[in-house]
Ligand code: UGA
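Heads up, the chain below is alone and in the form predicted alone; it's given as structure tokens.
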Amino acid sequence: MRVTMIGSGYVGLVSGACFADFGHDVVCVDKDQGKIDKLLAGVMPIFEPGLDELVARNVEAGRLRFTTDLPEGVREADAVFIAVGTPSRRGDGHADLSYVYAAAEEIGRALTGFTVIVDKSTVPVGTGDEVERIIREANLDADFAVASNPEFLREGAAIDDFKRPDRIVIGSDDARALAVLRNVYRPLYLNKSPIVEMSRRAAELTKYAGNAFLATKITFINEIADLCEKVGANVQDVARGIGLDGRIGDKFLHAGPGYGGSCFPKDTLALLKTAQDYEAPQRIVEAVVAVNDNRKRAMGRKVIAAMGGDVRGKCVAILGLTFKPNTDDMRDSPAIAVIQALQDAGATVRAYDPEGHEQAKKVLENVHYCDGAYQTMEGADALVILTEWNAFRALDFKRVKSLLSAPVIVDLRNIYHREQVEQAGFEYTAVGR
């Protein structure tokens, strides 16, 4: 089938490359000429394991193309996926849908035959209705249907998530649209991935509800971690004890410095704004957002306490800056609040992240970026682990101790066992244990 992705960012590029790998003829469209030029040269605008090879393979096979010409990409398409950004709107926290609506208007003018327009972007309930109105207004004679098909991709594991999904959610009441999307996803259906069909509005809400629930699990275990510290329990034991309950599950029960990234912060906030508009308050989600915001700064205070309560004039070595491993994404990363708290208290910061330096430089000031983990530690008064990259899971403690001016390790991701670190002669602080 002929598939067009409007937007060649994270969702659009990964989805487009995977669709092409299924054998579909895919065109990825983006307004950013610089991004398209890089893609044509084989340079990925984001870091995602395996994406460069996937894109190269399908470009070489002739199944994947890139262009800035939206009408060309839309004209012959069976399905056009809108995969543009929906950031939090400055000032009120609502999802900024201006890119979605602008794409819809341009798509409407370019339609020539029956086409399914698919909202792949994360959008509030009712967005599909407005997209439909905009397209109809732009082209009274257009033959089209608007569907919702939310993405459930985890950064760092997006390709595997796309090709082996827990489920595929399709929102539409139009029989022709459902038929097209079933064909688009037919390779996954043959692999037993369930296709869940529902109304367009239900599909739009499913994405927000899913992210809000996962954010709630993270925030829940983080608060339990605080209680564990007070009563002398180990949060990892508690998490395992409840995670083995099939009704709860063990995923997203890892205590840490709070959630960040491109989805959870903006999606929980957008859900709250939608709930306010419909006068259906989401009190649990409100608490989740508040607790998570407060927790990030609190982790900075935790580091300060571990260093004796005063960090003025001291140097802190930070390992990990991105909100999670296997990505270069710094959006709402806990590292931002932790580092700012340390700097406000008078500390200097040295940091290393395998992929995040360029993005970190856009949001953090006065940080000395190092070329490796051990270089970061030279002369520092404490080592803080903020992102659980695999490269940080087997540090040479003898070497670490020789580099640090004080034997202090603060492990905000709980990747080490206390006994292991303390036996190596360190003062060890973790989360919830």
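Quick caveat, the model's predicted, so the values are computed rather than measured. Numbers follow the displayed sequence, beginning with 1.
What comes next is about the form predicted together with this ligand, which is not displayed.
In the model of the complex, this ligand sits beyond 4.5 Å of every heavy atom of R200.
Of the heavy atoms in L181, none are within 4.5 Å of this ligand in the model of the complex.
Although the partner is absent from this view, Y259 contacts this ligand in the model of the complex, with a non-hydrogen atom inside 4.5 angstroms. Though the partner is left out of this view, Y99 does not reach within 4.5 Å of this ligand in the model of the complex, counting heavy atoms only. Residues within 4.5 angstroms of this ligand in the model of the complex, judged by any non-hydrogen atom, belong to 147 to 155 and to none of the other stretches in 109 to 117, 147 to 155, 303 to 311, 241 to 249. Against this ligand in the model of the complex, the set M299, R350 and I385 makes no contact: no member has a heavy atom within 4.5 Å. Contact annotation: of the candidates I218, I195, V289, A212, the single residue with a non-hydrogen atom within 4.5 angstroms of this ligand in the model of the complex is I218. For the options A77, I170, C263, A360, the residue carrying a heavy atom within 4.5 angstroms of this ligand in the model of the complex is C263. Residues of 310 to 330 lying near this ligand in the model of the complex, listed in sequence order, are F323, K324, the criterion being any heavy atom within 4.5 Å.
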